[in-house]
Ligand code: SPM
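Encoded as structure tokens, the following chain is the form predicted alone, with no partner shown.
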């Protein structure tokens, strides 16, 4: 649910009851009801173009880099040599753009359930959708859980850039999907998933961390600051089959690091330092 009133878009959702985020709009550029969801693009006064799915902000040109860089480079740098990478969701192309900075990668699969999101992102969010121009990218329009079911031990890194656990993204927050991801990883594989905000939906985050903790040797939650998400915060659940993803095994070369605006090796480690209430939420500290 959302409201457009007096030139302001307000994001309203039962996931953050009683809280709304409002952004001033200059123009409603696009609106379409696909088979799966409502897709809207707005030109904002201060945040550039903004992609919205079912009334929920997915990305703005102002601050998308924070989410895309952290969701991507934490798992990519936690792996010593990622060659095969899968993106589930991520139809805006931002995660693809960041994966493409890693020369060691030989194959990038993206599984997006809604082809219209890709089409719209290429038209209106070109600075992100540039990720689709990489020759290593293969696009699969399919359900992510079904796509990975027969790819046993195939990927080094899996990144899940999902919408919230409402509508088409709901299955991506449940144990069967995580079990399939684990099966699709190589022995030293790493996953990172959109992990919601422990400030606004601690129950969802706790459920994710409980699932990850049971399935993977290492599971941790990293914080990301994104001003145009409700609460200004989101997280990523990062899991390692054999090594702790909180410590980068590779440092990005200077020619890549100079083009990033959020991620570096120091914030990789610092993002996993949690406030006390979050430690208790994850049963890491009584």
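Residue numbers count along the first chain shown, from 1. The structure presented is a predicted model; accordingly, all values stated were derived computationally and were not measured.
FYI, the form predicted together with the named molecule isn't displayed, but the following is about it.
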query	finding
Proximity of residue 56 to the named molecule in the predicted bound form, heavy atoms at 4.5 Å	yes
Distance check, residue 52 to the named molecule in the predicted bound form, heavy atom within 4.5 Å	no
Residue 240, heavy atom within 4.5 angstroms of the named molecule in the predicted bound form	no
Residue contact check: residue 194 to the named molecule in the predicted bound form, 4.5 Å heavy atom	yes
Contact check for 109, 236 and 268 against the named molecule in the predicted bound form, heavy atom at 4.5 Å	no
Partner-proximal stretch of 209-217, 99-107, 130-138, 195-203 relative to the named molecule in the predicted bound form, 4.5 angstroms, heavy atom	195-203
Partner contacts for 71-104, taking the named molecule in the predicted bound form and a 4.5 Å heavy atom cut-off	92
